[in-house]
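One chain comes next, on its own, written as structure tokens: the form predicted on its own.
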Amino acid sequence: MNQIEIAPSILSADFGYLMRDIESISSECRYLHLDVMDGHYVPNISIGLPVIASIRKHCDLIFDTHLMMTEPEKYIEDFVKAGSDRITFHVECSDDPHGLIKKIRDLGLAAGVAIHPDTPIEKIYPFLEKGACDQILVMSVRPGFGGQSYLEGSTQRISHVREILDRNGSEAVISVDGGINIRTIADVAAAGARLIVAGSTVFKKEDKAQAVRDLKKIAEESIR
């Protein structure tokens, strides 16, 4: 993936009018980010399988499902059935991440590995090898709640991951989640991220489609 993709996170959408909010951005992006929180790995509970299955019936966007939960391997088949297209789990939450990647891929989905900002970046080195996974999600806030500020040092972590992926000949996409707005997105894109998650910066705006266009424009200008 060489082009910039914005993945609006429904964590910041109005759940009373969820499909209205999703439809408002569907012409401007190809991806929809789905944050699944279990109240154990992160101090919050968000959406689950019924919500994903429900919106799948009415939405053709690529579902980028981010599992912020313990024991993700127990639920992979269920998320596939619900309609996920990409599944990313946290490296901190699996005893056999390589096996979990294989399981996700065997079910026909792209597999990603996410890393908490407090986890040493070396923890994901094995997944930066060529062919090891399809996506690396660098968290730029501490996962759990939307609307947080971008953490200092995140840009350097993205650049470091980008350097190693390139050196290894890996085609894995770098995704970034947390604190993305019109002030932070340029640095994130320039550092090597291509699938950029944005929540409140999109869904808290009156004109949500324009918010996506603005983010994408700034990001694209930063990599020219």
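From a predicted model like this one, the values you see are computed outputs, not experimental measurements. In case it trips you up, residue 1 is the first one in the sequence shown, and so on.
A second form of this protein, the form predicted in complex with a small molecule, is not displayed here; the remarks below concern that form.
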Give a yes or no on whether each residue among 6, 154 and 192 has a heavy atom within 4.5 Å of the small molecule in the predicted complex.
-> no
If we test each of 55, 165, 37, 173 for a heavy atom within 4.5 Å of the small molecule in the predicted complex, the one that passes is 37
Partner-contacting position among 133, 100, 139, 82 - heavy atom within 4.5 Å of the small molecule in the predicted complex = 139
Only one of 154 to 162, 61 to 69, 22 to 30, 182 to 190 gets a heavy atom within 4.5 Å of the small molecule in the predicted complex; which is it?
-> 61 to 69
According to a 4.5 angstroms non-hydrogen atom cut-off, is residue 117 in contact with the small molecule in the predicted complex?
-> no
With the partner left out of view, is residue 145 within 4.5 angstroms of the small molecule in the predicted complex by any non-hydrogen atom?
-> yes
Contact label in the predicted complex: residue 212 to the small molecule, heavy atom within 4.5 Å = no
